[in-house]
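Next up: a single chain in structure tokens, the form predicted alone.
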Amino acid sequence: MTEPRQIVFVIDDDPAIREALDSLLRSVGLDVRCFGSVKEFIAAPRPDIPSCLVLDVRLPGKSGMDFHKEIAQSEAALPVIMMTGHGDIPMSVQAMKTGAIDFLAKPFREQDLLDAIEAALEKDRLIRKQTAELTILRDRLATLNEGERNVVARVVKGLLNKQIAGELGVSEITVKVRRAQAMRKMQANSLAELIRMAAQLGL
């Protein structure tokens, strides 16, 4: 069986809604997995591939709004599309503030849901790409010794080699050597690229 490239998760306690969404999403070639509650969703395995969650507000046990807050605060945040048959403006504002891709009032246009899902999957792909890039940069940074890190920290602040040498109490030659080694280890082809990497790493 071929592993899907992306998945749409649906949590709704209404079997008719789940069946309708499952049929709609599969009709446009999307893989979908439906659940009747947050508890069922949490207990199920989740492949590590681009995905999003279509989440009903009113659910048995933990509500969709509460679960959305938990997702938004987790490290593995999942793009969420909220839907409800009992929504109001304050509820939709709260959902959007928490980071929901969209807030759809039932009954909604099928195309509106499909557009929101496309945006959510694209967001997840982007987040995954950025996370992978950051992991690579962290691995490269870990190869720098303390002296090279000290030089990089000052280079990205815009200090000249002479100023760095003065702050660290070493010769300018030493600064140049450490700077060159740091750029090689970070695989930075220019100072601008090294500064961009440092910004991504929060240095």
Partner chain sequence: MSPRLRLPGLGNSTLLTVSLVLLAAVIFLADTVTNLEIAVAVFYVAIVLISVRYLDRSRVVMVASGCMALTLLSFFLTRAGSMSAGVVNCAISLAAIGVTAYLALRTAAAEATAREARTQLAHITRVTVLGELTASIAHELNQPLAAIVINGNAALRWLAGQPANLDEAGKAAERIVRDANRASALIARLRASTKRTSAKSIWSDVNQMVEDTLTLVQSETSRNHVSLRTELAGDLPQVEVDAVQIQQVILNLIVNALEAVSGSDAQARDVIVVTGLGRSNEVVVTVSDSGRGLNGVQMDQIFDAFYTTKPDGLGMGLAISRSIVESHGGRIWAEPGVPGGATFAFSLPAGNKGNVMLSSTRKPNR
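In this text the structure is predicted, and so the values were computed from the model without any measurement. Positions refer to the first chain, counted from 1.
Keep in mind that the form predicted together with its partner chain is not shown, yet the notes after this line are about it.
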property: 4.5 Å heavy atom contact, residue 111 to its partner chain in the predicted bound form; result: yes
property: Residue 85: touches its partner chain in the predicted bound form, heavy atom cutoff 4.5 angstroms; result: yes
property: 4.5 Å heavy atom contact, residue 190 to its partner chain in the predicted bound form; result: no
property: Contact flag, residue 26 vs its partner chain in the predicted bound form, heavy atom cut 4.5 Å; result: yes
property: Option from 67-75, 129-137, 111-119, 88-96 whose residues, in the predicted bound form, bring a heavy atom within 4.5 Å of its partner chain; result: 111-119
property: Among the candidates 58, 176, 149, 46, the residue which, in the predicted bound form, approaches its partner chain to within 4.5 Å (heavy atoms); result: 58
property: Every residue of 14, 19 and 106 near its partner chain in the predicted bound form, heavy atom within 4.5 Å; result: yes
